[in-house]
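Heads up, the chain below is alone and in the form predicted on its own; it's given as structure tokens.
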């Protein structure tokens, strides 16, 4: 049966990751094989609001992008069109401009919008689905914290970058008898910190899911000193915090309702200072930062992104809308966007990491936690 879908559009939203372009390429190629026109909104939800889009084709605009980092259609951050900042009479005010987005989609004749993004992006996607827009989400984020899927595209590349950094820090730590602390991204989820710690041979991994006792971490280093190893490598997730303490924040802003208004950071330096005092070893902190996001995707992420993009377009052809494309137990599938957002039902409330949000975090029965403990990595508890 011929598909009723004839014209679709893609938008990329949130922080950049390696794999954006591989997903775009796969959607475009699969669309062309099904005689579907494909377009891309420039700058995510901002582009949807401004109705700024381009034609995507495997012959030109979407050609040669498989290994390219970033997004050829850009990506917006903190763009909540349900609570959007505008200037009126010289003053900043917030308005719900989502209806303009809905009108744009209908007037443009798009049969489906593909939303490439994390939990906040998919929350807005779900809200648009309630306004009559056909949406299919693709789970993106280096943090690996999107609900209902085993892995997000961009995560593997971030872990690989963190692992390479640990390999390099390891030689410096051993050469100079130092504690080398690597602070990685992750916000509420410690996936990057935990997996890179295992892959990079770290001695300690501090993650948001386990409030750490710095004394316990220091004890792990002292045990190493007792057997003649006067150095240590520590991985700290940016969202990690001590027992009874709070997360470290480097910047706060007023970006309006429903977006992330705090920038995490600084915990790595705090951990380094504390461990130096407790162990007597010189400690240095390295913040990996945006290095985790950029550059060429790994082979794993190229394949995963391609699978996600192709499957998402297949769902569109089949008429399966208002879902998130997921990988569960090694198989591609989809779940409803309602399931993805969990209890975060309020229209326009897009911020993740709240009690109502369905963010996927590391559980204590996960194999990564068990493996880390089995091989002697201290989790600070």
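The model shown is predicted, which means the values in this text are computed figures rather than measured ones. Positions refer to the first chain, counted from 1.
If you look for the form predicted in complex with a small molecule, you will not find it shown, but the lines that follow are about it.
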**Message:** Whether residue 77 contacts the small molecule in the predicted bound form should be assessed with a 4.5 Å heavy atom distance threshold; does it?
**Reply:** yes
**Prompt:** With the cut-off set at 4.5 Å between non-hydrogen atoms, does residue 183 touch the small molecule in the predicted bound form?
**Reply:** no
**Asked** Do residue 195 and the small molecule share at least one heavy atom pair within 4.5 Å in the predicted bound form?
**Response** no
**Request:** May I ask you to check whether residue 203 falls inside a 4.5 Å heavy atom distance of the small molecule in the predicted bound form?
**Result:** no
**Prompt:** 6, 37 and 316: each with a heavy atom within 4.5 Å of the small molecule in the predicted bound form?
**Reply:** no
**115, 124, 141, 237 - the one with a heavy atom within 4.5 Å of the small molecule in the predicted bound form** = 141
**Complete:** Note: exactly one of 170, 187, 307, 270 sits with a heavy atom within 4.5 Å of the small molecule in the predicted bound form, namely 187
**Interface stretch in the predicted bound form with the small molecule - options 125-133, 285-293, 148-156, 205-213, non-hydrogen atom within 4.5 Å** = 285-293
